[in-house]
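Here you get one chain, nothing else, as structure tokens; it is the form predicted alone.
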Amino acid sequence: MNSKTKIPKVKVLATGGTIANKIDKDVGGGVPTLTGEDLIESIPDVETLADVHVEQVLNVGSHLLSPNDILKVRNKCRESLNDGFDGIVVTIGTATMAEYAYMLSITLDTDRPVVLTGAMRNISLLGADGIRNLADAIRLAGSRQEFNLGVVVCMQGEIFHPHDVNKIHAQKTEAFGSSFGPLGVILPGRIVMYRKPLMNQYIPVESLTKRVEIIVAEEGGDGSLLDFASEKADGLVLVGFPPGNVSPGMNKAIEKALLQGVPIVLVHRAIGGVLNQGFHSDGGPEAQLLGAGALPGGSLTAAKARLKLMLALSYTQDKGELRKLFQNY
């Protein structure tokens, strides 16, 4: 690096996950023993990548993180950006990384890079991938190229948009993917971008006040579980058959809940593709549901749609505003 080039300033917010784990023989598995500082010290020549500052926010597996914990992480991101950091890295467990990346992306209004990364294999195991992923994330967070990335996921040398990234394998180190493909890749000495992140949205929420549950459409389902959930929750996410259909019994239960004023977001259970809105041989039951007032989930997974509906309902209960938040997103 040219001595006249100002080295980027990057904040690492550590929350735990496999990247922070070591094998504890007494426990019989990995436990979160590594701090963010430990991880940074493991990166060779890290000072050539960025001026790195570390803050330990939590040190737990991501399955133990609640949406309110992620709002706290969001607040830490805000503080760091206000303090002048060029970019942020959030180390987090991979179990819920994709969903929480999406939640951060729609609650953090910035185009500076906020990069989520972690590991599939902890440092005690052969083929541990955490340090490489963290080094890539720091490089991306400190990049001075005008990518206007905002929140992204960086794993396995690839950069993913939080809207469409998913964990697609439970064990492989190449565990993340998207039906739309990565935004770009991290190569030795350079970052190559394939496409720009266009699916960006901001919902100004400071706290979560609403409960949302997920109901999965069943073959021949009578809708009784949906009836029960609609009495307990402030909103529901319905996972239909691709591209958004449900059984006749569930259709009646959905229409009943909508008439009672329960917001319902409709998604489908296929790995890829967007929710259909009427182009179907038998008239499009998904179009009937949307016409009855269900909100379109687009290409979101059920887990991401749930977080979004929790945020949306914490922001507004106006039906028109809710539809605007979900239409085309």
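The first residue of the sequence shown is number 1, and the count goes up from there. All figures in this text were calculated on a predicted structure; none of them were measured in a lab.
Absent from the display: the form predicted together with ligand ASP. The rest refers to it.
K.L.:
Only one of 76, 112, 167, 210 comes within 4.5 Å of ligand ASP in the predicted bound form by heavy atoms, so just point that one out.
P.N.:
None of the others qualify; the residue that does is 167.
K.L.:
Considering non-hydrogen atoms and a 4.5 Å limit, which listed residue (258, 203, 95, 193) is close to ligand ASP in the predicted bound form?
P.N.:
Partner contact (heavy atom, 4.5 Å) among the options: 95.
K.L.:
Even though ligand ASP is not shown here, does it sit in the predicted bound form so that 17, 61 and 120 each have a heavy atom within 4.5 Å?
P.N.:
Yes, the whole candidate spot contacts ligand ASP.
K.L.:
Among 228 to 236, 104 to 112, 214 to 222, 86 to 94, mark the stretch whose residues have heavy atoms within 4.5 Å of ligand ASP in the predicted bound form.
P.N.:
Looking at the other structure, the answer is 86 to 94.
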